[in-house]
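Read the single chain below, which is given as structure tokens and is the form predicted on its own.
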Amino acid sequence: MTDSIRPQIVSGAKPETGHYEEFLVHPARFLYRAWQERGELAEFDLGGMRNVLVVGPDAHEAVYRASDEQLSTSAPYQYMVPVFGEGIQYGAPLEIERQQVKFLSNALRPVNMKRYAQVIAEEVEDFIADWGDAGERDFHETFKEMVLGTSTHCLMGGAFRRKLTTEFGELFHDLEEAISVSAVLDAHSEDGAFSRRDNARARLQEMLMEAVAERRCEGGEHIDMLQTFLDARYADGTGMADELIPGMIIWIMFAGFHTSSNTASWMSVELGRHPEYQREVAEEVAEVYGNSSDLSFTALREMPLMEAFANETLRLHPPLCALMREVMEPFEYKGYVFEPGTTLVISPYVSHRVPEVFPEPECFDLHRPEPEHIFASIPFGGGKRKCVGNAFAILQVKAIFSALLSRYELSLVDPPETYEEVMPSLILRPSDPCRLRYTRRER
């Protein structure tokens, strides 16, 4: 990127580390400061890595419409290769990765989603069956446990789900903890989080390979994602090697698990903060769910208020605050030419707070009109690289809150301002504890 057309650099860079230390504390808040200070294009330095934050619908569109050959997704996400495994997504050649994305899309076809809706409904109903008339819970921990059960059941089938122990969730926690700012710079250092990641990944490989082997021996028809991957064929007619299938499972778990659990957590907080909106959504749930008493049917129905509430939650609290592309061939935008080696960063957290696009952006508004620009709202990314797990994540959220709001009123236990956005990893989540009170709804 030539000096004459270089975006302004964000203030506060240190000689050796640049903005790394401030970014490490809270990436979303740093990026928000960068935008406030420098506007649509803001350059920052992470330990010698040149990054440019690009903000706004026009910038999003330019980036998301660029080819993979010009702006690479895999290059800046090499820190995910130890998590997913070699040969999967960012650890695979581009053409192979594209076909693997199709495998995931096939696993989420409408006919499969109907089956997943039934599974999720059963899991949610069972999970809340013993809650009683009232109580208090840490809803972030609650939703992590609930979504882990629904996700593994849909992914791996009932037999695997019935054998599920706390170990599985603990292993995924160790993987998540290694998705950090330090991993972006060096995912193979001697950091203790990375050794725990590698141990967890090896153990998950053992557990999931056992499930693959059992399914191969068992045969028969199964409507779950594991079966989709077992049956998948590349363009040349070859199947996916069994040892790669655990990586596909972990990939889709990350695509749906964190989005579902964190979005559900934030939805519960915002429902508690806005009882007037909670009443509106609960009335819609009663109209749809109350007429059928079939949670799986309800979760598949159009529910405009529920979906608007989820979308507004995702606008303010997107799980991922930074989506990256590495420039492989010179890339031009508004007269700026970005040279190879530059990392372009799109931040849903920042872009969803641009007042020209989202008036009164810090205000939670259930009835906020949808923005006109197709690339304005980007909680799942955009373009051909949009997250394939978004429909599955929203399905889970709708099932969870259809069940909850048909039975309970939710309220905050602690003052509203104490429910903060924290980033112990690169994933935005509510602070601990995320306590809410639930009370049986009067009929």
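Numbers for residues come from their place in the sequence shown, where the first is 1. Since we're looking at a predicted model, the values are computed, not measured.
The protein also exists as the form predicted together with protoporphyrin IX containing FE (HEM); that form is not presented, and the subsequent description refers to it.
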Would residue 325 count as touching protoporphyrin IX containing FE (HEM) in the predicted complex under a 4.5 Å heavy atom rule? yes
Answer for residue 157 alone: is it within 4.5 Å of protoporphyrin IX containing FE (HEM) in the predicted complex, judged on heavy atom distances? no
Contact between residue 256 and protoporphyrin IX containing FE (HEM) in the predicted complex at 4.5 Å, heavy atoms? yes
Close approach of residue 251 to protoporphyrin IX containing FE (HEM) in the predicted complex, 4.5 Å, heavy atom: yes
Could you tell me which stretch in 278-286, 93-101, 197-205, 294-302 has residues with non-hydrogen atoms within 4.5 Å of protoporphyrin IX containing FE (HEM) in the predicted complex? 93-101
Given that protoporphyrin IX containing FE (HEM) is left out here, which of 306, 314, 71, 178 has a heavy atom within 4.5 Å of it in the predicted complex? 314
Let me know the one among 35, 392, 44, 401 whose heavy atoms come within 4.5 Å of protoporphyrin IX containing FE (HEM) in the predicted complex, would you? 392
Can you list, in sequence order, the residues from 385-411 that come within 4.5 Å of protoporphyrin IX containing FE (HEM) in the predicted complex, counting heavy atoms only? 385, 386, 387, 388, 389, 392, 393
